[in-house]
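In the block that follows, a single chain appears as C-alpha coordinates, in the form predicted alone.
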(Lines give C-alpha, C1' and ligand atoms only; values in the text may rest on other atoms or scores of the structure.)
Protein backbone atom coordinates (compact mmCIF):
# COMPACT_ATOMS: atom_id res chain seq x y z
CA UNK A 1 0.00 0.00 0.00
CA UNK A 2 1.28 3.49 -0.84
CA UNK A 3 -0.03 7.01 -1.14
CA UNK A 4 -1.53 8.19 -4.40
CA UNK A 5 -3.78 10.97 -5.66
CA UNK A 6 -6.97 8.97 -5.10
CA UNK A 7 -6.66 8.16 -1.38
CA UNK A 8 -7.09 11.65 0.12
CA UNK A 9 -10.87 11.20 0.50
CA UNK A 10 -12.97 8.15 1.28
CA UNK A 11 -15.51 9.17 -1.38
CA UNK A 12 -12.96 9.47 -4.22
CA UNK A 13 -12.96 6.61 -6.71
CA UNK A 14 -9.80 5.57 -8.48
CA UNK A 15 -9.91 4.88 -12.23
CA UNK A 16 -9.72 1.18 -11.37
CA UNK A 17 -12.95 1.44 -9.33
CA UNK A 18 -11.34 1.27 -5.89
CA UNK A 19 -11.84 3.18 -2.64
CA UNK A 20 -8.36 3.23 -1.16
CA UNK A 21 -9.28 4.46 2.32
CA UNK A 22 -11.71 1.56 2.68
CA UNK A 23 -8.92 -0.80 1.64
CA UNK A 24 -6.61 0.85 4.19
CA UNK A 25 -9.22 0.17 6.89
CA UNK A 26 -9.36 -3.47 5.83
CA UNK A 27 -5.56 -3.55 6.03
CA UNK A 28 -5.79 -2.31 9.63
CA UNK A 29 -7.82 -5.44 10.43
CA UNK A 30 -5.03 -7.61 9.01
CA UNK A 31 -2.49 -5.85 11.23
CA UNK A 32 -4.43 -6.50 14.45
CA UNK A 33 -3.88 -9.48 16.70
CA UNK A 34 -5.69 -12.63 15.60
CA UNK A 35 -9.29 -13.47 16.50
CA UNK A 36 -11.10 -16.69 15.63
CA UNK A 37 -14.64 -18.01 15.81
CA UNK A 38 -16.29 -21.37 15.20
CA UNK A 39 -19.75 -22.79 15.78
CA UNK A 40 -21.68 -26.01 16.12
CA UNK A 41 -25.44 -26.48 16.08
CA UNK A 42 -25.71 -25.42 19.72
CA UNK A 43 -22.57 -23.46 20.67
CA UNK A 44 -20.32 -20.73 19.35
CA UNK A 45 -16.75 -20.18 20.51
CA UNK A 46 -14.76 -16.95 20.17
CA UNK A 47 -11.04 -16.73 20.82
CA UNK A 48 -8.33 -14.11 20.47
CA UNK A 49 -4.64 -13.58 21.07
CA UNK A 50 -3.73 -11.28 23.95
CA UNK A 51 -1.07 -8.93 22.63
CA UNK A 52 0.57 -6.34 24.90
CA UNK A 53 2.41 -3.31 23.57
CA UNK A 54 5.27 -3.92 25.98
CA UNK A 55 6.27 -6.23 28.80
CA UNK A 56 5.27 -3.54 31.29
CA UNK A 57 1.70 -3.11 30.05
CA UNK A 58 -1.39 -5.24 30.12
CA UNK A 59 -3.15 -6.41 26.98
CA UNK A 60 -6.24 -4.72 25.59
CA UNK A 61 -9.59 -6.45 25.82
CA UNK A 62 -10.56 -7.97 22.46
CA UNK A 63 -13.77 -9.87 23.31
CA UNK A 64 -16.90 -8.01 24.45
CA UNK A 65 -20.24 -9.16 25.75
CA UNK A 66 -23.14 -7.53 23.91
CA UNK A 67 -26.08 -9.43 25.43
CA UNK A 68 -26.69 -12.77 27.10
CA UNK A 69 -26.99 -14.34 23.63
CA UNK A 70 -24.47 -12.25 21.64
CA UNK A 71 -20.75 -11.48 21.91
CA UNK A 72 -18.06 -10.07 19.61
CA UNK A 73 -14.34 -10.58 19.04
CA UNK A 74 -12.41 -7.83 17.27
CA UNK A 75 -9.21 -7.38 15.29
CA UNK A 76 -7.86 -3.97 14.35
CA UNK A 77 -8.28 -0.66 16.18
CA UNK A 78 -9.50 -1.58 19.65
CA UNK A 79 -11.01 1.88 20.24
CA UNK A 80 -13.27 1.52 17.18
CA UNK A 81 -14.28 -1.96 18.29
CA UNK A 82 -15.15 -0.71 21.77
CA UNK A 83 -17.42 2.02 20.36
CA UNK A 84 -19.16 -0.40 17.97
CA UNK A 85 -19.72 -2.96 20.72
CA UNK A 86 -21.34 -0.24 22.83
CA UNK A 87 -23.61 0.61 19.89
CA UNK A 88 -24.58 -3.06 19.57
CA UNK A 89 -25.27 -3.24 23.29
CA UNK A 90 -27.60 -0.23 23.08
CA UNK A 91 -29.47 -1.76 20.14
CA UNK A 92 -30.01 -4.98 22.10
CA UNK A 93 -31.27 -3.08 25.15
CA UNK A 94 -33.67 -0.94 23.08
CA UNK A 95 -35.06 -3.96 21.23
CA UNK A 96 -35.51 -5.94 24.44
CA UNK A 97 -37.27 -3.00 26.11
CA UNK A 98 -39.61 -2.47 23.14
CA UNK A 99 -40.45 -6.05 22.18
CA UNK A 100 -39.59 -7.94 25.39
CA UNK A 101 -37.58 -10.51 23.43
CA UNK A 102 -33.90 -10.83 22.49
CA UNK A 103 -32.70 -9.14 19.31
CA UNK A 104 -32.16 -11.63 16.43
CA UNK A 105 -28.47 -11.91 15.58
CA UNK A 106 -28.94 -11.40 11.84
CA UNK A 107 -30.86 -8.14 12.33
CA UNK A 108 -28.14 -6.73 14.59
CA UNK A 109 -25.45 -7.67 12.07
CA UNK A 110 -27.34 -5.88 9.27
CA UNK A 111 -27.68 -2.75 11.42
CA UNK A 112 -23.96 -2.85 12.16
CA UNK A 113 -23.13 -3.29 8.47
CA UNK A 114 -25.37 -0.34 7.56
CA UNK A 115 -23.57 1.80 10.13
CA UNK A 116 -20.20 0.80 8.65
CA UNK A 117 -21.40 1.51 5.09
CA UNK A 118 -22.32 5.11 5.98
CA UNK A 119 -18.67 5.74 6.87
CA UNK A 120 -17.65 4.79 3.32
CA UNK A 121 -20.00 7.35 1.73
CA UNK A 122 -19.45 10.50 3.82
CA UNK A 123 -16.42 12.67 3.16
CA UNK A 124 -16.31 13.90 6.78
CA UNK A 125 -16.16 10.39 8.21
CA UNK A 126 -13.62 7.59 8.04
CA UNK A 127 -14.21 3.82 7.87
CA UNK A 128 -13.95 1.91 11.12
CA UNK A 129 -10.57 0.21 11.20
CA UNK A 130 -11.83 -2.92 12.91
CA UNK A 131 -13.27 -6.27 11.90
CA UNK A 132 -15.82 -7.97 14.15
CA UNK A 133 -16.67 -11.62 14.59
CA UNK A 134 -20.23 -11.64 15.93
CA UNK A 135 -21.32 -14.81 17.71
CA UNK A 136 -24.92 -15.29 18.72
CA UNK A 137 -27.71 -17.74 19.41
CA UNK A 138 -31.36 -17.05 18.60
CA UNK A 139 -34.52 -18.93 17.63
CA UNK A 140 -33.05 -19.89 14.25
CA UNK A 141 -29.93 -21.47 15.81
CA UNK A 142 -26.27 -20.62 16.29
CA UNK A 143 -24.67 -17.96 14.10
CA UNK A 144 -21.19 -16.63 13.41
CA UNK A 145 -20.84 -13.49 11.29
CA UNK A 146 -17.90 -11.42 10.11
CA UNK A 147 -18.48 -7.67 9.73
CA UNK A 148 -15.99 -5.94 7.43
CA UNK A 149 -15.07 -2.19 7.53
CA UNK A 150 -16.43 -1.93 3.98
CA UNK A 151 -19.97 -2.63 5.22
CA UNK A 152 -20.06 -6.20 3.93
CA UNK A 153 -20.98 -9.06 6.23
CA UNK A 154 -20.70 -12.82 5.84
CA UNK A 155 -21.89 -15.82 7.84
CA UNK A 156 -19.34 -18.55 8.51
CA UNK A 157 -19.07 -21.97 10.06
CA UNK A 158 -15.60 -20.97 11.26
CA UNK A 159 -13.37 -17.99 10.49
CA UNK A 160 -10.22 -16.18 11.58
CA UNK A 161 -9.14 -12.55 11.18
CA UNK A 162 -6.09 -10.52 12.11
CA UNK A 163 -2.37 -11.01 11.73
CA UNK A 164 -1.14 -14.53 10.94
CA UNK A 165 -4.76 -15.66 10.68
CA UNK A 166 -4.07 -17.68 7.53
CA UNK A 167 -2.51 -20.47 9.61
CA UNK A 168 -5.66 -20.63 11.74
CA UNK A 169 -7.86 -20.60 8.61
CA UNK A 170 -5.91 -23.57 7.23
CA UNK A 171 -6.49 -25.51 10.45
CA UNK A 172 -10.20 -24.62 10.50
CA UNK A 173 -10.64 -25.57 6.85
CA UNK A 174 -9.28 -29.04 7.62
CA UNK A 175 -11.64 -29.53 10.55
CA UNK A 176 -14.81 -27.53 9.87
CA UNK A 177 -16.86 -30.49 8.58
CA UNK A 178 -16.84 -31.95 12.11
CA UNK A 179 -17.83 -28.73 13.89
CA UNK A 180 -21.60 -29.02 13.36
CA UNK A 181 -21.87 -32.09 15.61
CA UNK A 182 -19.01 -31.24 17.97
CA UNK A 183 -19.50 -30.90 21.70
CA UNK A 184 -18.76 -27.70 23.58
CA UNK A 185 -15.42 -28.94 24.93
CA UNK A 186 -14.31 -30.18 21.50
CA UNK A 187 -15.09 -26.76 20.03
CA UNK A 188 -13.04 -25.05 22.73
CA UNK A 189 -10.18 -27.43 22.01
CA UNK A 190 -10.32 -26.67 18.29
CA UNK A 191 -10.42 -22.94 19.07
CA UNK A 192 -7.29 -23.23 21.22
CA UNK A 193 -5.55 -25.28 18.52
CA UNK A 194 -6.40 -22.63 15.92
CA UNK A 195 -5.06 -19.89 18.20
CA UNK A 196 -1.86 -21.87 18.67
CA UNK A 197 -1.40 -21.97 14.89
CA UNK A 198 -1.28 -18.15 14.81
CA UNK A 199 1.46 -17.98 17.46
CA UNK A 200 4.05 -19.54 15.11
CA UNK A 201 6.27 -21.27 17.61
CA UNK A 202 5.32 -19.34 20.75
CA UNK A 203 4.01 -21.35 23.67
CA UNK A 204 0.25 -21.31 24.10
CA UNK A 205 -0.69 -20.29 27.64
CA UNK A 206 -3.87 -19.04 29.23
CA UNK A 207 -2.25 -15.62 29.62
CA UNK A 208 -1.72 -15.28 25.86
CA UNK A 209 -5.30 -16.02 24.78
CA UNK A 210 -8.91 -15.34 25.70
CA UNK A 211 -11.80 -17.73 24.99
CA UNK A 212 -15.52 -17.01 25.25
CA UNK A 213 -18.54 -19.32 24.91
CA UNK A 214 -22.23 -18.87 24.15
CA UNK A 215 -24.69 -21.68 23.55
CA UNK A 216 -27.97 -23.35 24.33
CA UNK A 217 -28.62 -22.90 28.04
CA UNK A 218 -25.30 -21.08 28.46
CA UNK A 219 -25.22 -17.26 28.37
CA UNK A 220 -22.26 -15.52 26.77
CA UNK A 221 -19.29 -15.51 29.12
CA UNK A 222 -15.50 -15.43 29.00
CA UNK A 223 -13.73 -18.49 30.40
CA UNK A 224 -11.40 -17.82 33.32
CA UNK A 225 -7.67 -18.43 32.91
CA UNK A 226 -7.60 -21.51 35.16
CA UNK A 227 -10.21 -23.31 33.02
CA UNK A 228 -8.41 -22.39 29.80
CA UNK A 229 -5.05 -23.56 31.18
CA UNK A 230 -6.55 -26.90 32.25
CA UNK A 231 -7.87 -27.45 28.73
CA UNK A 232 -4.52 -26.51 27.22
CA UNK A 233 -2.71 -28.95 29.53
CA UNK A 234 -5.25 -31.68 28.75
CA UNK A 235 -4.94 -31.63 24.98
CA UNK A 236 -1.15 -31.15 25.10
CA UNK A 237 -0.90 -34.35 27.19
CA UNK A 238 -3.13 -36.17 24.68
CA UNK A 239 -0.97 -34.87 21.84
CA UNK A 240 2.20 -36.11 23.53
CA UNK A 241 0.62 -39.53 24.11
CA UNK A 242 -0.45 -39.76 20.45
CA UNK A 243 3.04 -38.73 19.35
CA UNK A 244 4.71 -41.37 21.55
CA UNK A 245 2.26 -44.05 20.33
CA UNK A 246 3.03 -43.18 16.71
CA UNK A 247 6.76 -43.36 17.43
CA UNK A 248 6.35 -46.75 19.14
CA UNK A 249 4.39 -48.06 16.16
CA UNK A 250 7.09 -46.88 13.80
CA UNK A 251 9.80 -48.64 15.82
CA UNK A 252 7.72 -51.85 15.88
CA UNK A 253 7.27 -51.71 12.12
CA UNK A 254 10.99 -51.33 11.37
CA UNK A 255 12.09 -54.91 12.37
CA UNK A 256 9.34 -56.40 10.21
CA UNK A 257 10.51 -54.32 7.28
CA UNK A 258 14.08 -55.56 7.82
CA UNK A 259 12.94 -59.21 7.78
CA UNK A 260 11.02 -58.62 4.57
CA UNK A 261 14.12 -57.13 2.95
CA UNK A 262 16.17 -60.16 3.96
CA UNK A 263 13.62 -62.52 2.46
CA UNK A 264 14.22 -61.00 -0.96
CA UNK A 265 10.55 -61.28 -2.09
CA UNK A 266 9.52 -57.72 -2.99
CA UNK A 267 6.76 -56.45 -5.26
CA UNK A 268 7.89 -53.46 -7.30
CA UNK A 269 4.31 -52.38 -8.03
CA UNK A 270 3.26 -52.16 -4.37
CA UNK A 271 3.32 -48.70 -2.79
CA UNK A 272 5.20 -48.33 0.53
CA UNK A 273 3.07 -48.44 3.65
CA UNK A 274 2.19 -45.10 5.18
CA UNK A 275 3.40 -44.76 8.75
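Owing to the predicted nature of the structure, the values given are computational and were not obtained by experimental measurement. Numbering follows the first chain given and starts at 1.
Quick note: we don't show the form predicted in complex with another copy of the chain, though the next part is all about it.
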Spot the stretch among 223 to 231, 40 to 48, 204 to 212, 56 to 64 with residues whose non-hydrogen atoms come within 4.5 Å of another copy of the chain in the predicted bound form.
56 to 64
Can you work out whether residue 167 and another copy of the chain are in contact in the predicted bound form, taking contact to mean some heavy atom pair no more than 4.5 Å apart?
no
Does another copy of the chain come within 4.5 Å of any heavy atom of residue 110 in the predicted bound form?
yes
Would you please decide whether residue 83 lies within 4.5 angstroms of another copy of the chain in the predicted bound form, comparing each non-hydrogen atom pair?
yes
Taking the shortest heavy atom distance, is residue 185 within 4.5 Å of another copy of the chain in the predicted bound form?
no
If we check another copy of the chain in the predicted bound form, which of the residues in 167 to 186 reach within 4.5 angstroms of it by a non-hydrogen atom?
169, 172, 173, 176
